[in-house]
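Single chain ahead, by itself, as structure tokens, in the form predicted alone.
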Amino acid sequence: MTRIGIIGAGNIGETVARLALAAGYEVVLSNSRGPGSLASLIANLGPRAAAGTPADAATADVVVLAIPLGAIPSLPADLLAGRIVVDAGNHYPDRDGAIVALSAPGATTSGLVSDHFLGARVVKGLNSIVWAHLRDLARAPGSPERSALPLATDDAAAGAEVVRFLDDLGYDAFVYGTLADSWRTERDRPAYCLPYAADPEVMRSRQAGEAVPPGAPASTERVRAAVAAAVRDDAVTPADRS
């Protein structure tokens, strides 16, 4: 695995690109505005980064999907067939609007993504950490300050590939369940952003547009406990967007 495609060049997309380039990968970045809009960013990232269309990014070994959930239907259903796709998205009603399908019992955001992209090998991940913490908490293998990232997938082989990819980016990773379980790391659950904050209460009360508070390493044990603590009918409180 040497080439990473990224659909979405916002904070998460750019952060993943920088970490992947530092780890020796080639990166193809894309967005909805076209390759020309990425010229300045690509020049800053260096020669192993390239701008392309979503179709170009979809030819990579692993594709990171980092676009608003509401934009998913705008992409062709066969775009990611056969590809390992890291679904880094979350549902933010103020941005995406109400999505009727998510009100169905057992519905998950990754389930919607998997249903749309026919044949894609979807792995839910990179959705539960704010971009600044993803940037700042990467550590070399064996570091006592290494953080962990949770994953969910119906495809064990795809999950194993993403674990290896995240290891290269500077994180331990573990698969905690299937896509049906992926609600456990969705917005406002205990594993969403809070484990990586130096002060979880400050993170919990942060409003959109405010500076991201300092991060702190989150061990596998801590993140596993946060994933396990999630309940489907819990009362949600404002958290941070990744």
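This one's a predicted model, so the numbers in the text were calculated from it and none came from an experiment. Don't overthink the numbering: it's just position in the shown sequence, from 1.
What comes next is about the form predicted in complex with a small molecule, which is not displayed.
Q. What stretch, of 170 to 178, 30 to 38, 194 to 202, 43 to 51, brings heavy atoms to within 4.5 Å of the small molecule in the predicted bound form?
A. Result for this chain: 30 to 38.
Q. Is L149 a contact residue for the small molecule in the predicted bound form, using a 4.5 Å heavy atom cut-off?
A. Taking the distances in the predicted bound form, the answer for L149 is no, it never comes within 4.5 Å of the small molecule.
Q: Indicate whether the small molecule has at least one heavy atom within 4.5 Å of a heavy atom of S110 in the predicted bound form.
A: Judged by the heavy-atom cut-off of 4.5 Å, S110 is well away from the small molecule in the predicted bound form.
Q: Please run the contact check for N11 against the small molecule in the predicted bound form: heavy atoms, 4.5 angstroms, yes or no?
A: The answer is yes: N11 has a heavy atom within 4.5 Å of the small molecule.
Q: Spell out, yes or no, whether the shortest heavy atom distance between S114 and the small molecule in the predicted bound form is within 4.5 Å.
A: Although the small molecule is absent here, S114 would stay clear of it in the predicted bound form, with no heavy atoms inside 4.5 Å.
Q: Can you work out whether the small molecule is within 4.5 angstroms of a heavy atom in all three of I7, I67 and L126 in the predicted bound form?
A: Every residue of the candidate spot has a heavy atom within 4.5 Å of the small molecule in the predicted bound form.
Q. Pick from A88, L166, A158, L80: which residue has any heavy atom within 4.5 angstroms of the small molecule in the predicted bound form?
A. Contact with the small molecule in the predicted bound form is made by A88 alone.
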